[in-house]
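Two versions of one and the same chain are coming, encoded as structure tokens; call them structure 1 and structure 2.
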Structure 1
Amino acid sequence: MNPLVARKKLGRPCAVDPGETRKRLILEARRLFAEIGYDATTNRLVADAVGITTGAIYHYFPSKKEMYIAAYAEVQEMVYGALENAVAGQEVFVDKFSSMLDALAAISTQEPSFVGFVVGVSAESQRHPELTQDLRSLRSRTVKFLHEICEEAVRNGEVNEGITGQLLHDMIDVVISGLSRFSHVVDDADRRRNVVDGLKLLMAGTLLRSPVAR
């Protein structure tokens, strides 16, 4: 039998666990979205990567948009699930932030397509306004998570006077976004690790020192 035909038959919804096929579709779609972008990713490319017919995709996702949203939802769940686990048991903000950085570094190493996908979301939503509303609704967990730990730091007196929870939240957003972009561009695990360690020192106030008087 032609191996290509055999592969196609194997991938049809009736031949495998539907839940597993859906997971594989999201995984391969996310990788393609990260590597070549939303526009260049087609149902045929995703189907070929999974080993099913193009028509079979519609058993799981009615459109490419729905597949993109599903990929984003999974990324949100996995990334912020990891961050929530990272801060569990940490009492002070500096330790929470340090643990969050470790979790993000681990994710970028274990699954590089996560980073590429996340980095591309902002640009894709600008090019495709039809994605914006759905993506915004899925960000609520992210916003709530960061808002709560930042406001708690302010209530506990862990930041200087004049630093609001919103400002702290915005700063953390900038760090996370910047770290994601750096990890996406720099394919060097040691440099990524060094940056994370440097950010920890910066947050702890031990990165810089006063210049020696001449």
Structure 2
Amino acid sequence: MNPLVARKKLGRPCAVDPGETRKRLILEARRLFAEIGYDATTNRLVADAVGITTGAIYHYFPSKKEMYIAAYAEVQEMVYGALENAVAGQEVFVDKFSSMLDALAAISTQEPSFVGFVVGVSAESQRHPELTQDLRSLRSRTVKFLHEICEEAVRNGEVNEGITGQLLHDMIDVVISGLSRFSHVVDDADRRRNVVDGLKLLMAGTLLRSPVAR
């Protein structure tokens, strides 16, 4: 047989780098899930982005669901890691909140959709009951983080009377998820920065007792 004739291109093609594919896979999955959601992220889309076939995905994850869970876990880790870092040096609640917004803004600039991924997970969980269980256990771990901050603010008398930890938590939730959707949709970096600053001002207002006046 003529050795110059191209052979069948089956089997593993001169591996680019062991472990490299896995990284690329998680990376692209993360990106796609974050950007267009669970349904719209088809295996083919992910595979094409990585440069493999859809079957190869199952070498790394037993199902699309698991791939999603893995991607979410990583992103959640990133986001909440950044948030924990952000509040680490801060004493009072307003400063913690400010730092968190800055941290979120920073992430949103690098990977515009990651914050939205974390925030949007509860909607995805409603649409896909199969995900609920796994997502809940993942989330419970980090929900406590915000909970703690809010309870502390209440204990320290940093909020007006009648404001409970629960309410403070819910309001932060509203602001953060609103911000993440905004960042996901709006490209203009200036507007994003301005909004972050605006929200800091907002939070520094009536809702909280002035720290100096305490």
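Since the model is a prediction, treat every value here as computed from it, not as a measurement. The term rigid core refers to the maximal set of C-alpha atoms that superpose within 1.5 Å between the two forms. For numbering, take structure 1's sequence and count from 1.
It is structure 1 that shows the chain in the form predicted alone. Core-superposed comparison between the two structures: the CA of Lys65 stays below a 2 Å shift. With a cut-off of 2 Å and the rigid core superposed, Ala56 has a Cα displacement that reaches or exceeds the cut-off between the two structures. The Cα shift for Ala29 between the two structures, taken after rigid core superposition, is smaller than 2 angstroms. CA movement of Val118 between the two structures equals 3.6 Å, with the two forms superposed on the rigid core.
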